[in-house]
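As a starting point, one isolated chain is supplied in structure tokens, in the form predicted on its own.
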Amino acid sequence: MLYVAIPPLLPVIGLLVLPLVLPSYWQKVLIATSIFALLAMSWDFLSSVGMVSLGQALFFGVGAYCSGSLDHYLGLPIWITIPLGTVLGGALCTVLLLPVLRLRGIYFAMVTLVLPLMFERIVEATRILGGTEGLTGLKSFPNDWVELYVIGIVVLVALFGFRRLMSTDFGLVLKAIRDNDRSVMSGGINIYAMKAKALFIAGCTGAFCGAYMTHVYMFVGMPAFALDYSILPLASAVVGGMGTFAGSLMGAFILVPLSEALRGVGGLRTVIYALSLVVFIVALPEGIFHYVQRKYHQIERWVKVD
């Protein structure tokens, strides 16, 4: 029983215990790591449908601006702005990407990469939503413990929720669309409606990240569309192991703290970080999670039958 129960319990225990033992600075790093883990899982979910996204920054930025605008202009409390920012952000991103759902592969990825860069330039040129200065003075969480445990619980819900979703009939259809969308269409299923639903789920996950960090920083501005929110989730999913969601979580909890730990080496930080990525990808192309999972199964002890 312990052999089966220990792996699912590890992320639960880790996200509940780490806030209690980490110093203040690393608690903030834990929040950022959890945010990138959510973005990586939403990227992994989209890739499971065959939609490779390079624009997680789009989901993050739209969710951040939705939540920040509801706070700044309407004065709504934080427990309303975050859920509304999550749903509105997911819906807006879905509507924006509806015209390109027929695109596949690199063509869909290119569109998702361009959109956040375009929105960043629009905000800068038109000076809407605070322009280059952004929206400041937003409401914060009641205390640090709420910040830490709310995001931790959401990460766990997303992890087990995505894994459960992909094992349902809905998830099996999404996998079939990735493998052979023409066969699914011949079965009378509207694959574009299914893709839109998957896009909304992933968009809401990414928009929640933006809405949450808006109130952690008490600020929202053009950095919400930064390329880091697109590249690092992708790198986390690839390093951790695609198609597992737990691999995306593991990748984020390796790469983000590693990036912070290398701040002290100055300009060499980028070089060491890049070399680390290369080592991970070349040595373990399947992903760290798949490797650890395989090794874990190899130590299973069978009961001798007389």
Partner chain sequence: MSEPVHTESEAPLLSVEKLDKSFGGVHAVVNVDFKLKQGELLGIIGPNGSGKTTLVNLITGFVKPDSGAVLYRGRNITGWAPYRIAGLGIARTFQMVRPFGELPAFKNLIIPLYSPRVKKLSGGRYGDRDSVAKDLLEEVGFERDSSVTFKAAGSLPHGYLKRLELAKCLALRADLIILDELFSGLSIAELAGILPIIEKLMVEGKTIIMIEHRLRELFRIAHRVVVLNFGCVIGEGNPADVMESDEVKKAYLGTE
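It should be emphasised that the depicted structure is a prediction, and the values quoted were computed from it without experimental measurement. Positions refer to the first chain, counted from 1.
Omitted from view is the form predicted together with its partner chain, to which the following refers.
Practice prompt. Only one of Val150, Ile189, Ala226, Val100 comes within 4.5 Å of its partner chain in the predicted bound form by heavy atoms, so just point that one out.
Written response: Exactly one listed residue reaches within 4.5 Å, namely Ile189.
Item to complete: Counting non-hydrogen atoms within 4.5 angstroms of its partner chain in the predicted bound form, say which of Val155, Leu113, Ala235, Ala176 makes the cut.
Response: If I apply the 4.5 Å criterion carefully, the residue I get is Ala176.
Item to complete: Although its partner chain is absent from this view, report whether Asp169 comes within 4.5 Å of it in the predicted bound form, heavy atoms only.
Response: Output for Asp169 is yes: heavy atoms within 4.5 Å of its partner chain.
Fill in: Any non-hydrogen atom of Ile122 within 4.5 angstroms of its partner chain in the predicted bound form
The answer is no: Ile122 has no heavy atom within 4.5 Å of its partner chain.
Worksheet entry | Non-hydrogen atom contact Val184 with its partner chain in the predicted bound form at 4.5 angstroms | Val184 belongs to the contact set for its partner chain.
Worksheet item: Thr126 near its partner chain in the predicted bound form, any heavy atom under 4.5 Å?
Response: Although its partner chain is absent here, Thr126 would stay clear of it in the predicted bound form, with no heavy atoms inside 4.5 Å.
Item to complete: Could you tell me which stretch in 198-206, 128-136, 176-184, 70-78 has residues with non-hydrogen atoms within 4.5 Å of its partner chain in the predicted bound form?
Response: Result for this chain: 176-184.
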